[in-house]
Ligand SMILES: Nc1ncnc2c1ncn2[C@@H]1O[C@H](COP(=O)(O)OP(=O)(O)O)[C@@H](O)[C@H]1O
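Quick heads-up: it's one chain on its own, the form predicted on its own, in structure tokens.
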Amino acid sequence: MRYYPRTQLAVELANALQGKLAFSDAPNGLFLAAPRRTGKSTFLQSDLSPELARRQVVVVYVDLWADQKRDPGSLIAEAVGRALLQQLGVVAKATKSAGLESITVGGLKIDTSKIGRVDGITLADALRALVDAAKQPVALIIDEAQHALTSEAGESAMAALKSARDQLNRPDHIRLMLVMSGSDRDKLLRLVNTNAAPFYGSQIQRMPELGPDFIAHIAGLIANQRPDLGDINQATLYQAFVFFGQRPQFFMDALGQVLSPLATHDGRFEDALLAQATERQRGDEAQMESDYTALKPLEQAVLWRMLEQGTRFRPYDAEALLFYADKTGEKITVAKAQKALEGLRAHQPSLIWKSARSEYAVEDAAMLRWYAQRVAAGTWPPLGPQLDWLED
């Protein structure tokens, strides 16, 4: 698939980050939420980053989801360290080749391999050194930023970024731009929604998903390559795109299948695509139902409570324990609830997310949408086979 640029959105967000919009809080941090596989990371790397670079901003991008075995705090520090080495260029290379362990920038002695560690300079100092070395503003883009909250080092990194922002920025002079993206708004909220949150007071914004303009672009490509198809029904294409969760990869894969010379469907390709999208949606929902009904009764109750409460979920308070007891017909202790939570985390794939502060949330935001749809339709909870679970 040819890349679909979102140039205007990139321009608008870059203006906001630079403080050019009168009523935007983006200079204090831009927090973007969008479901997985809807084009968020592609936009950040292929649209927003080049637009900022065009404006003489040094862009540092790090994806905390790329290597989940690594501590997110280390990933952020290493990304800043690599950017600092690139800016220092010849000086840094000469230092390395001479076998020296550190370089000096603005009076700071820096070992880029120890940024953010106990025996190294702070992440805030490293960012200040990066801005000084570049002699240009710096934009730090952290994709799947909510993953930083899963470790103490990650939480410390977020606090250090807030400190660096406060040190480097003035209302009329933005030197450090922070962009935090996440595939789950509820998890990303934990960076901004309490007094203890590092970016308390900032707002989470929903990143616009691809829509009719994207479908028009795809329809144009199809028309150029397959003029024999005649007029293309863009409304049906868009409906199929929505059923695919507005996820371009799944949509384009299915489109390739129905347009293939080997396709066996009868009638218009748009209808065949819509049928595939409907089947995919049913399959996704069936998988979530299967995952839920296969859980032990207490695990179901805990997950139900989490889906219902969202960011207000407290696993062990009196109301939660009463809820679990009501759904299972048994008296539930804190120890039993804790065991159920661990079971949900151990599920493959994991059904819940846990922060370093022992906050819990549903792992896949799609399950929240599935739950809301079933509640609205009056079909919650799903009823599976009755299994006699033996408690260990």
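Residue positions are given as counts along the sequence shown, with the first one as 1. Values in this document were obtained by computation on a predicted structure and should not be read as measured data.
From this point on, the text means the form predicted together with this ligand, which you will not see here.
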*Could you check which residue among 292, 304, 214, 269 gets a heavy atom within 4.5 Å of this ligand in the model of the complex?*
214
_I need to confirm a contact call. Of 189, 210, 219, 174, which residue comes within 4.5 Å of this ligand in the model of the complex, counting heavy atoms only?_
210
*asked:* So in the model of the complex, is this ligand close enough to residue 49 to count as touching (4.5 Å, heavy atoms)?
replied: no
*Exercise: residue 198 in contact with this ligand in the model of the complex, heavy atom 4.5 Å*: no
_Partner proximity in the model of the complex: residue 297 to this ligand, non-hydrogen atom cutoff 4.5 Å_ = no
*Considering only heavy atoms, tell me if residue 336 and this ligand come within 4.5 Å of each other in the model of the complex.*
no
*Heavy atom contact within 4.5 Å of this ligand in the model of the complex, the stretch among 244-252, 257-265, 77-85, 154-162*: 244-252
*Could you list the residues in 29-57 that come within 4.5 Å of this ligand in the model of the complex, counting only heavy atoms and keeping sequence order?*
35, 36, 37, 38, 39, 40, 41, 42
